[in-house]
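Two forms, one protein chain; structure tokens for each follow separately as structure 1 and structure 2.
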Structure 1
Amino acid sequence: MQVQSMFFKESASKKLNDAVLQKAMKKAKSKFVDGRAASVATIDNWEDIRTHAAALRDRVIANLDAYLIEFEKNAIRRGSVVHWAETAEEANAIIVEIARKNAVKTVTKSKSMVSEEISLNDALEAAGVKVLETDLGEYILQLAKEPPSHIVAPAVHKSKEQVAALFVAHHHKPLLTDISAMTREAREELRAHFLAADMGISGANFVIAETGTTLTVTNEGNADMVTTIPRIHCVITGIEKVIPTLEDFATLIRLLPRSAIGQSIANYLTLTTGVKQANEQEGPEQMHIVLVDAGRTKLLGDDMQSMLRCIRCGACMNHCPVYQNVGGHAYGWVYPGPMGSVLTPTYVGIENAGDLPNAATFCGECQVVCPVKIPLPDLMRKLREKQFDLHLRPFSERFAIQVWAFFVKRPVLYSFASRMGARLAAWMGGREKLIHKLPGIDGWTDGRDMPAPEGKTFKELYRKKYASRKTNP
């Protein structure tokens, strides 16, 4: 997917004024935030599980090579073919080649964010392969020709009415108003394709080293159809998704659906281990697993490494006050919210990420809800440090920091300057004691007044009032 993150501010501004989006975001917030809170409250050792899961993910990442090789060995043992892709282009080329070799005409796909990263659908379509998204949200977006705006609920930004209109335009059936009727209609549309597809492509929430299993968590069961019906199953996932054992999955699955949408367990856990064996009725004849790097190894040994713990639950964005107000598209790439503000600069380059590391008040909600305890605000601050060191922020901002720095380090000058500042601003506030416009901080005064200072600084008042007191301890 093309990176548009440079335009975060402009894009966010549009989204703030998009009434349909605003309504959708309000609805989503209560569903995700309240849902998570209620479901987490039922677990008495939630914090222990988080701590355990964070350590587990850290252990995997510290030994990523070893676990990946173990996974590869066990996957091959079960008849899968494992492919390694260092870049997005390589990953696309591998999958296009699999399709070409096997004369694949049609593909059904269950949700995969990695495939969004690398624009897999475009690559396949360019090679003459028809791709059909089968996750309901992704299907809607495929009809609307839009990228997902959320990693778990990709079409969360769309209203029911917008979806109904899309269905009328593409299904050529009467307008529906009821969500379950709309879901049924989509299911009917998809069914024939499920049965006819030559290849199924799925993502993976985890891949398991000890068994060579790939694992998909869904609520619609579409991944079951995608992974078992077509003669070829292709899994595409990031290399960081490996976990050691099925038991570790048992831990992580306690966290994932609860953090994501407040569900104690997802409706479908689809585990696929290799091709159809001699004594089995179902399953693909070929299974390909494409393990994608596309920037991930850059995080290893870097101060961003803990980001690789991420299990893509979406809780950080669901709780982020910035995301809640602007939605996912504003972030300009595949991953929105706090995790996106870290992943986009680290995967596609900090120089392409614009304001993303600054799109946070550091309120800390993301860190509190992250099931694998990723210190997202700290990571964003580290990215700001990189931006600062690389001179990637606007001159005016650097200049302002330098001026500020000059004064705060020199108490005498600082006292003098702040006394002047306080007087000037108090005067500007007038009788109302409100400043309506303050050049240089238009970002503030465009939408808010600035309550004026009292007029004298604490320091000077203190000195006057307690002239006799020592001011040094």
Structure 2
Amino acid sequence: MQVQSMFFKESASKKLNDAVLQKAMKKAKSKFVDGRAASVATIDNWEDIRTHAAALRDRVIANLDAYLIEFEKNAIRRGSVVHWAETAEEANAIIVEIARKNAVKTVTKSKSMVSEEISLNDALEAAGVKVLETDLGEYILQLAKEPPSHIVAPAVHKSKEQVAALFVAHHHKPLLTDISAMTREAREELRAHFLAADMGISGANFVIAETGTTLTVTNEGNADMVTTIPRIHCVITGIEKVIPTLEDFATLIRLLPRSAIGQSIANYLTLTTGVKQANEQEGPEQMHIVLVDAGRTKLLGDDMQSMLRCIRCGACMNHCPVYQNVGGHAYGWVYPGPMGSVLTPTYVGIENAGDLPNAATFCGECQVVCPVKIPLPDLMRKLREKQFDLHLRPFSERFAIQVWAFFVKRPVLYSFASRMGARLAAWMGGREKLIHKLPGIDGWTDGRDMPAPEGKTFKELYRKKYASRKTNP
């Protein structure tokens, strides 16, 4: 997927004026936010589980090499072939070569964000391999030739009418508007492809070191079809997805579906361990597991290391007021929302995603809802500091921060400037007590009026109120 993150401001402005998107995002907000709250409320020790999960993920990251080697050993023991890819190009080359050696003509895919990262579909199609997405949302977007806008619900930005029009154009069947009927139509279209595919490609939510198992969480069951019917199964996943034991997975699965879509449990858990054995009726003849770095090891020992805890639930974006208003495509790459504001600059270079660390209100909601307690606001703040140090922000912005720093380091001067600023702002508000335009930082007032202060600083108001309490106890 081509990186377009440098155009965030322009794209976000367009999305704010997209009526279809705004309606879809409002609907999604209600579903995701309310659903999560209701589901989490059913667990008394939710915070204890979050704390345990964060510690578990930190332990894995601290010993990542050891757990990956253990996973490789146990996966090979069960008949899998493990491949290591340092870059996106290496990962694509490995999978294309597997397809070439086995004369693969058709591939069915289960949803995989790593495959979006490396543009795997494009690489396979360039090699003459037909690829079909089988997750309903991903299938819709493949027909529309669009990237996903959400990591869990990739087509959340689409209206029912838009999807119906896509189905008419590609399925050449009568227009349907009932969601159940549309879903059945998609199922009927996909069934023949499931049965005919030469190779199935899936992602993995986790890989289990103790057993060599890859594990995929879905709500549609399409991963079961992708991993068991084709003669070749290829798993592509990030190296950070390894966890020690199935017991650890039992902890994380209590957090993942509740955080993602407000369900107590996912509909399908697809566990794959090696190839089909002589006494088994189903399963692949070959199983390949591609473990992808693609920038992940850069986070080790870095300020961003805690981002490797992420279990890709999407809760941070669901609760982010910026994402709720502009959607996922505005972020310009695979990962939107707060997680994308950290991952994208880290993976593709902060110079290619300069606006993303600033695409936040710093309300802190993302950190509060993260099931593994990633301090997302702190990470974005560190990226902002790095941008400042590298002179990647506009001169006017850097100059303003330097001026503010000069005053804030001198309390007496800062107090005087604050008093003058409060009085000036009150005067600018006039009789309406609304500031319509702020010179130099008019981005704040382009779309809204700012309430003018009373002309006093907080300290002055507090001192006055405290003094009145002393005189009138």
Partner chain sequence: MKVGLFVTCLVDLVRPNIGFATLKLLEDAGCEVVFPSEQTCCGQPGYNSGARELSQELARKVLAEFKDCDYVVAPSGSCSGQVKIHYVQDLFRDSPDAVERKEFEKLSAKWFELSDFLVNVLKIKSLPAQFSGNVTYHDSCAGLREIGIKQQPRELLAKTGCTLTEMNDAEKCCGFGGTFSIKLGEISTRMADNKCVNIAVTGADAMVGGDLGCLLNIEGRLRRQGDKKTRVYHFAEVLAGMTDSAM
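Along the sequence of structure 1, residues get numbers from 1 upward. For clarity, a rigid core is taken as the largest C-alpha set superposing within 1.5 Å between two forms. From a predicted model like this one, the values you see are computed outputs, not experimental measurements.
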Here the form predicted alone is displayed as structure 2
Just want to know which of 395, 169, 443, 280 is the hinge point between the rigid parts that rotate between the two structures. 395
Report the rigid-body rotation angle of the smaller part versus the larger between the two structures, as an integer number of degrees. 13
Once the two forms are overlaid on the core, the CA atom of residue 462 shifts between the two structures, in angstrom, by 11.4
